[in-house]
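Given as structure tokens, the chain that follows is alone and in the form predicted alone.
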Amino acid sequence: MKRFYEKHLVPYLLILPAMTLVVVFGLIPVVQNVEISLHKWNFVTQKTYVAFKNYKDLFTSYSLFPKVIKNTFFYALLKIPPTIILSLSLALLLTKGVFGQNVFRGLFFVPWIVPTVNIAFLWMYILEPEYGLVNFLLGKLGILGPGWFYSVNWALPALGLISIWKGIGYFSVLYIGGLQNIPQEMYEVAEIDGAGPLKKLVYITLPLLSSTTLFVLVILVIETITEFDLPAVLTDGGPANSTNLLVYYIYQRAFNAFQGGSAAAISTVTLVMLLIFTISQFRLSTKWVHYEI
């Protein structure tokens, strides 16, 4: 009886507190969200069951949902590849014995711990079309700066630029940790075999950092799809809904239009998208991620 207790009951008792939090703050809200998505509800009157009408309405001609999906996809393309490339490049630079590299690591990490709202107000002045620092410097070079947050074509790239600047310090720290776990003997053996810096990067560094890259990729996708602070503070989803991203659109449907069922439907679709991407990435990772040296 004692052995049965230790083998079958103790492990579940140990994870019970964590699983309770997951169920209460994770699973139950998801189930409630799906239930709300099947109703028409303005947060005041009684909920009215409408089945899948809220989901169908997302793809009608008057719905912004397809445009929001397109904006979010384009935003991901603008943000994710440059963030990975710049973070890895910065990590490689800060592990080469650069003078004061620990100071630089701290400086690059600071934007990550500063609240996004503060970052947004800072960049609001830097990218101000008439008096901002960026357009001032461009003017000195004879280049007419764009309208940034006031331009349909430049508002979303401006948000991507800010998000990249804020995130590269954090993700470079993750890459630095991965680089420090690569045995130096592998580089020494490669040098004996005549491998140059490029070959060592391609055949040693990148493969052995693939697990870190997978983690960075998944975190970046989740962060991108759930982006809210920057469009809320800087653009209000405009101009002409060019920076209206998924989570901000959920907010608009819920607290501007008071369409709780529609907002819940968008939340459910967003959750399904994240699940599909995450699961597919872990399935595909078997082909390019190496966990062993």
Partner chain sequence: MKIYQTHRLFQKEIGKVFRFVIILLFAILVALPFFWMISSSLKKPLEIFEVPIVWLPAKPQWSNYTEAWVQAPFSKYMFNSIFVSTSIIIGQFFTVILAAYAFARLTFPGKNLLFLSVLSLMMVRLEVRIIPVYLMVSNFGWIDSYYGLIIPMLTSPFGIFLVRQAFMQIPQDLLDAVKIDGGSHLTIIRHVMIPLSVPTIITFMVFGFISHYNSYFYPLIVTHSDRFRTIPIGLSRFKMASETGGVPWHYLMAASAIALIPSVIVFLFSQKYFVRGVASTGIKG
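Residue numbers count along the first chain shown, from 1. None of these values were measured; they are calculated from a predicted model. If you superpose the two forms and keep the largest set of C-alpha atoms that fall within 1.5 Å, you have the rigid core.
Here the subject shifts to the form predicted together with the partner chain, a form of this protein not shown in this document.
(request) Flag residue 197 as yes or no: does it have a non-hydrogen atom within 4.5 angstroms of any non-hydrogen atom of the partner chain in the model of the complex? (result) No, residue 197 sits far enough from the partner chain in the model of the complex that none of its heavy atoms falls within 4.5 Å.
(message) So in the model of the complex, is the partner chain close enough to residue 52 to count as touching (4.5 Å, heavy atoms)?
(response) Outside the cut-off, so no.
(request) May I ask you to check whether residue 245 falls inside a 4.5 Å heavy atom distance of the partner chain in the model of the complex? (result) So residue 245 does not count as contacting the partner chain.
(request) Answer for residue 84 alone: is it within 4.5 Å of the partner chain in the model of the complex, judged on heavy atom distances? (result) Taking the distances in the model of the complex, the answer for residue 84 is no, it never comes within 4.5 Å of the partner chain.
(message) the partner chain is absent from this chain, but in the model of the complex, do 18, 126 and 170 each have a non-hydrogen atom within 4.5 Å of it?
(response) So, yes: the whole triplet contacts the partner chain.
(request) Could you list which residues of 15 to 49 come within 4.5 Å of the partner chain in the model of the complex, counting heavy atoms only? (result) The stretch touches the partner through 15, 17, 18, 19, 21, 22, 24, 25, 26, 27, 28, 29, 30, 32, 33, 36, 41, 43.
(request) Would you say whether residue 23 is displaced between the shown form and the other one, judging by a C-alpha shift of 2 Å or more on the superposed rigid core? (result) Moves: yes, 2 Å or greater.
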